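First, one chain by itself: the form predicted on its own, in structure tokens.
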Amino acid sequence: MAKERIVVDPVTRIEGHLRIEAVLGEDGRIREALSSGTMWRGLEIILQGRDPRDAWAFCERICGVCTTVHALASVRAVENALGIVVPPNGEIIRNIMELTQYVQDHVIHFYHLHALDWVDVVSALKADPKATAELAQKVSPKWPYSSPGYFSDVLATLKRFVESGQLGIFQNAYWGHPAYKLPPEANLMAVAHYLEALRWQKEIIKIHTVFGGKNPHPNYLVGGMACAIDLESDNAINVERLNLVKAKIEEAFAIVEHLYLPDLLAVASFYPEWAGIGAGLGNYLAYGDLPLTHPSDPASFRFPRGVILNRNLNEVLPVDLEDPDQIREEVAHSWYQYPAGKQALHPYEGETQPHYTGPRPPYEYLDESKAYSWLKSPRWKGHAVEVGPLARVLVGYASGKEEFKEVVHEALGKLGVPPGALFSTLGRTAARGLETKLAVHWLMEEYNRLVANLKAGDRAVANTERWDPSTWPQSCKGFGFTEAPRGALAHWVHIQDGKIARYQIVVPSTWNASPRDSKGQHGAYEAALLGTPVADPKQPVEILRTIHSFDPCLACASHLLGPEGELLSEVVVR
């Protein structure tokens, strides 16, 4: 018998709009959960009839965070369709761009989107700056900002926030909730590092401005990259610009090794019970990425490709993005309609036909027996799967990659938890930190590979042999993939007579936030919430902890409609 239904709408500290409904049982644990994307995305329709060489510029406007990964998936899809091979420097620069995105995105997620589920900001007002300094020197002995005077200044700043009657960026949380466990000194240390990471995040992204011209929405190019390299010129990427990139990588290394990872492990040590909460599906998918040769050579990927089912780390199953029997999207509980008799389609045949049948807003509850989301339900061979950092780390670990085994064993040892702890909310959060450690080291390796090529005289960054549409086949199809920070991302394109005839995008948050499918299988968010204890239904911080551990990006899955479903505006380009 249901005890209470909790609605969290919108879920904040994410990109886009997400609604979660959870039904509590008599024991105070979640016995049922619904995940609903409440806005529609129609980018696939916008792209129809356009020049495929322009698709990346539209796709990276899906949101302001996942810009570079959508551009990369898009140019790879067109290159795959047209049979274009990108020169080595182009692939290396793309890897640098992607790894930069990883490091920035994961640090932002930990400090600015997720840590506040575990850190009580208001509690920090009770902290002793001297004791906080001693704690900081113990947790992060190589981090320079750890004196009593430094934390006294942070405390004074925080007090001004509170005494002004508004907490600014720290408003609208569940401060004082009994589920928070950090002592005041640890909370003050976390607030200080929150502010430091906020100042730093604009620095690392300067790497995108060097190679992509700007951020967000850096420039890409079908065939390679648009940046010119001439080490002796003032009007191209030269030695000075490359030295700037190296300096930013070294700063990122310090942030990750001496701030982010120590803080992550310190906070996690206060919440060991969360190593047994939020496990979810137990199925994981990774497309793999960061090729050391080219995207058609999965054996060269730093992130390996594969699927793990039922938490079986002894077997990694192969993935084929073109096999019509592997990746299919369902709409049984989605506000879309497919051609008669079709409930699941491979993205090459995918349709984006909105068909809203839900309640008229405002409404009290959704009906899980009907359609209840603007997200479709992607499935791999009929299985609901989780994508993202935990999936990548598990596939890398199960594939026998020594780098992955080393970071996993080191973290488990420091936390004193068994390998099974990875299948949890805490494991999902920890996995994001572990792959950031890998990413920042790989970033320097990719930089060194690029410099070595340039010293050898190779300055080519793009292959434009098939730029002219007269060289294209009349009809062709292609797919482009990447491992976005939030998980497996892929675009599928059909080019007909030089124009885009069909385009489909399956984003990480569609995999994770999907509603039930025709067999009643939950999506990853829904499954991860089942069994979660909720101490106070009016302040369900436990729901936010698990949902935020996925780092939702619903902007990738939705575009804007009015409350009655009407078109708000139309722009005609002549």
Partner chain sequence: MGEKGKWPTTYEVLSSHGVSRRDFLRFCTVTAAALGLPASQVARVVEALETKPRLPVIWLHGLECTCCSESFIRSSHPIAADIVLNMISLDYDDTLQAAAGHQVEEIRERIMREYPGRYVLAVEGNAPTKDGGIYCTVAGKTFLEILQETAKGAMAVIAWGSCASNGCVQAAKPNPTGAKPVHELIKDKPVINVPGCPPIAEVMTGVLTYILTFDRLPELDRFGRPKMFYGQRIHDKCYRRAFFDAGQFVESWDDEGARKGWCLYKMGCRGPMTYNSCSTFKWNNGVSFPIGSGHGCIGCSEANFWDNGPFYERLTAVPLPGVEATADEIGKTVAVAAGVGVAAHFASFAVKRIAQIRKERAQAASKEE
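Since we're looking at a predicted model, the values are computed, not measured. Numbering follows the first chain given and starts at 1.
The protein also exists as the form predicted in complex with its partner chain; that form is not presented, and the subsequent description refers to it.
Its partner chain contact at G64 in the predicted complex, heavy atom, 4.5 Å: Although its partner chain is absent here, G64 would touch it in the predicted complex, with heavy atoms inside 4.5 Å.
Its partner chain contact at G213 in the predicted complex, heavy atom, 4.5 Å: Heavy-atom contact with its partner chain at 4.5 Å: present for G213.
Its partner chain contact at Y397 in the predicted complex, heavy atom, 4.5 Å: Contact with its partner chain, no.
Partner contact for N312 in the predicted complex: its partner chain, 4.5 angstroms, heavy atom: Judged by the heavy-atom cut-off of 4.5 Å, N312 is well away from its partner chain in the predicted complex.
Segment assignment from 266-274, 464-472, 429-437, 409-417: heavy atom within 4.5 Å of its partner chain in the predicted complex: Among the candidates, contact is made by 464-472.
Residues F110, S146 and V239 all lining its partner chain in the predicted complex, heavy atom within 4.5 Å: No: none of F110, S146 and V239 comes within 4.5 Å of its partner chain in the predicted complex.
Y348, F161, Y150, F253 - the one with a heavy atom within 4.5 Å of its partner chain in the predicted complex: Contact residue from the list: F161.
Proximity to its partner chain in the predicted complex, single hit among H217, H294, H258, K405 (heavy atom within 4.5 Å): Contact residue from the list: H217.
Partner contacts for 226-258, taking its partner chain in the predicted complex and a 4.5 Å heavy atom cut-off: Going through 226-258 in order - heavy atoms within 4.5 Å of its partner chain in the predicted complex - the hits are A226, C227, A228, I229, D230, S233, N235, A236, R241, L244.
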